[in-house]
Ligand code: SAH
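Given next, in structure tokens, is a single chain: the form predicted alone.
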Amino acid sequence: MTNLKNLNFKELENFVIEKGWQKFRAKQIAKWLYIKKVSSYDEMTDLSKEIRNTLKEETEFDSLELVTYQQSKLDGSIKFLWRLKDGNTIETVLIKEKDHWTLCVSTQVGCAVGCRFCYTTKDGLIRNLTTAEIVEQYINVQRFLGEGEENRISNIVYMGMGEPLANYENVKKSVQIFTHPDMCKLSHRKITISSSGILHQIKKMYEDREFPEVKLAVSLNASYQNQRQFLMPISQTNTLEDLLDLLKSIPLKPGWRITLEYVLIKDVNDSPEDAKRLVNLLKRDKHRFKVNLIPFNPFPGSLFQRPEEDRVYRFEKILWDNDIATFIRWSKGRDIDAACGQLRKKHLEEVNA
């Protein structure tokens, strides 16, 4: 059955026309799905009973079921675990910032990239999420929060389970839905796609005129090639040098920067020498980038450790002293199963026990 949330606006219009309904019905349906965020077709009161019955019979409304959630007592962040129609599970994280809510969405069940410091990759890639499964994470969490400007999710980051650009078409379509003026109406500036650095997919995204302009974050995590290749096997073919050359060449809107994510791991990539090498990599184009330092978030069985705070601040200072915009992103939800994929893994272990 068709899930209407798999359709961008043009496809939704085509669906409506194929049913023999007036074209404006697409706007009505989109309003109920994405603005009102209703939970059933019966709530779409400006559609005829005949149209609603057809939608009930021929389309699927929801593809996610809430399994459980955890809320941090330290910072209020909430991690949701969803069950998909095929029984697989995914996570979504809601983060309370100073003046807004940010939602971290997943794009795959598992991940094939194989980063050594990531918990999600332990089971490998199971499958890509559909567009609807991505979009419904936003819709369902916004329903959970409730109405009111103080509860509005304004920022979306594709930084959950999976490599977004390895699920290119569904991620692209979900961004179209998030940013369309008749659908979710979110700002292009408030959406960020995070990639492990798949060169041809990054290039494709910037050349694709149908891919809405959104911000890019890239997992760097190293100051030289061998170090990055150890932490991120994808760097065997998507080398650090080639990645930075690409990032320095792609067009950026005025005032926009590419975010470089750097997971700080104790005694692996957190030394002053690493910071100085990173400065040398970026200094000629420092105003094109900002660096997010992310102290490693330990998980069961991890070979790595979190660096002490003074080492984190020392690393940050070296970058700032060289005029490279740098921000520390302390982990949210450290009193819950905070590492990406950890709540999912815990649930699977409980089910299979």
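Since this is a predicted model, take the numbers as computed values, not measurements. A residue's number is simply how far along the shown sequence it sits, counting from 1.
Just so it is clear, the following notes concern the form predicted together with the ligand, a form of the same protein that is not shown.
Using a 4.5 angstroms threshold between heavy atoms, residue 326 stays clear of the ligand in the predicted complex. Taking non-hydrogen atoms only, residue 296 approaches the ligand to within 4.5 angstroms in the predicted complex. Although the partner is absent here, residue 117 is a contact residue: one of its heavy atoms lies within 4.5 angstroms of the ligand in the predicted complex. At the 4.5 Å threshold, heavy atoms of residue 159 reach the ligand in the predicted complex. Per the 4.5 Å heavy atom criterion, the ligand in the predicted complex is contacted by stretch 192 to 200, the sole one of 192 to 200, 144 to 152, 129 to 137, 82 to 90. With respect to the ligand in the predicted complex, the three residues 164, 219 and 263 uniformly fall within 4.5 angstroms at the level of their nearest heavy atom.
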